[in-house]
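Listed next as structure tokens is one chain, alone, in the form predicted alone.
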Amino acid sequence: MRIQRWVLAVILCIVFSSRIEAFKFQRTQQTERISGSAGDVLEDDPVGRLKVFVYELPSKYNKKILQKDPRCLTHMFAAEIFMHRFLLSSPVRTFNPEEADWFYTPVYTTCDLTANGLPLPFKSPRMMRSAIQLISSNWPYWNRTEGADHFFIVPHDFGACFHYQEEKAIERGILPLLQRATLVQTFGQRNHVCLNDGSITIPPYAPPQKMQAHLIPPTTPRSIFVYFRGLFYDVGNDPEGGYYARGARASVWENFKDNPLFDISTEHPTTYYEDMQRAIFCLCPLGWAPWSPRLVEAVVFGCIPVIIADDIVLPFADAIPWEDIGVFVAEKDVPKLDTILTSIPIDEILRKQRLLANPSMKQAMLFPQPAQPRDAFHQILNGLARKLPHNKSVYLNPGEKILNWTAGPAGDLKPW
């Protein structure tokens, strides 16, 4: 059976080799503007459309946390830090809270890393509760709406559910005090308790300067058909591979580790970024959560993202035409991945590449320093601006309370 699979893979490679060669010669740096309303939304300028008041919190909620562990600046959750810095000098910032459309509370809830760089969310609920107690005690604005005109950056694996394991995140649910707020989060999955209606799904942080340093000439041929580097099994937490990535990554490895069209490995070479720029398709499967920085890297490097994560809600989906630039493969169809990808016409591949070459597309996925027009910072502001004006129903009557301040696990109620 193994020999038959290998022979089939060789046949597929021979059949598709001419198509790869054709693709090499036809590759251009022409771009294609995103058609319809999506393109207009992507290029919106939020300045003048909203005003944001930034609460000034004691540094223990942000700056001192970062001083203890500067690694947080390069972590995939760093959007919470850079969004804070951006807003401090943004033209949308107002120092008059009476004229603000939105209120922002800068809390670095993900900047608590293990020695290996993994985030520990266990203190996050208490930190967030403490910050909300502070702003509700010192300013009147939270109490007017119980947070309905406030937004929070919560880039944890499962957002404001504050746990990295999905079962426990679902059990916890979104922190009760954040139920009325707008959550700006990397996690997005339809019909999931960790994603509220009205949340804004954003890309994870990927260091723009680091990626810029690894750019190769745009005329370099894309000679790799399918590329992936990462885990297929999480042996420490899921040795059999059935729970991690819902088995999708394990299926990729078992079905295609010997297929010459697939350049896949657990090794992470120093040429990782360069290799993505030489690839036609880059696999973006779910892991413990449905999202990863791999999606950002694929878009920035013009590699067609192959999204394997059922029900995923992708970043800025009202502005980025994911169906046009990516390929969606159901988790159950992973064993047919080679057939699915080799059946895509070259003209369709080239159109996806032209769309990916659009600078606005790449910019929307990045948090550059300093900020630039149409980047992820501005897309977040665009998302907030499109939610204005607030419905009158968000404003509570004097003395009216909706949120339960004592709800949630007992550990969350302890002082921080």
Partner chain sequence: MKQLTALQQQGRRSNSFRNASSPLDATVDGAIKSPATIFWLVLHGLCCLISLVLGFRFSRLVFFLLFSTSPSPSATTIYSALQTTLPSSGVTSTPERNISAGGSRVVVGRHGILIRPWPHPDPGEVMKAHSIIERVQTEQRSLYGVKNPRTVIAITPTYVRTFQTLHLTGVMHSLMNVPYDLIWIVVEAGGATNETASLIAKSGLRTIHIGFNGKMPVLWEDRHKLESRMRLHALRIVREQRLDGIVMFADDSNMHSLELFDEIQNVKWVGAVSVGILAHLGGSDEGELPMVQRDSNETDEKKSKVPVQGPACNSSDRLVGWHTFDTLPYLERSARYIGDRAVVLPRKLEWAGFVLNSRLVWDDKLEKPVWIKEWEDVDRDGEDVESPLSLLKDTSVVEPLGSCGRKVLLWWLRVEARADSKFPARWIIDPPLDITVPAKRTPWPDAPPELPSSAEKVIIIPESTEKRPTKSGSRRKRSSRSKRKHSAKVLDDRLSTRHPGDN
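Positions refer to the first chain, counted from 1. Please read these numbers as outputs of a predicted model, since none were measured by experiment.
If you look for the form predicted in complex with the partner chain, you will not find it shown, but the lines that follow are about it.
In the predicted bound form, the partner chain lies farther than 4.5 Å from every heavy atom of D324. Proximity of H84 to the partner chain in the predicted bound form falls outside the 4.5 Å heavy atom cutoff. Of the heavy atoms in Q209, none are within 4.5 Å of the partner chain in the predicted bound form.
Heavy atoms of F225 reach within 4.5 Å of the partner chain in the predicted bound form, making it an interface residue. Of the candidate stretches 196-204, 163-171, 84-92, 129-137, only 163-171 has residues whose heavy atoms lie within 4.5 Å of the partner chain in the predicted bound form. For the residues Y108, W288, F316, Y104, the 4.5 Å heavy atom test against the partner chain in the predicted bound form is passed only by W288.
Among I153, I280, I320, C284, the residue placing a heavy atom within 4.5 Å of the partner chain in the predicted bound form is I280. Along 81-120, residues T114, L118, P119, L120 each place a heavy atom within 4.5 Å of the partner chain in the predicted bound form.
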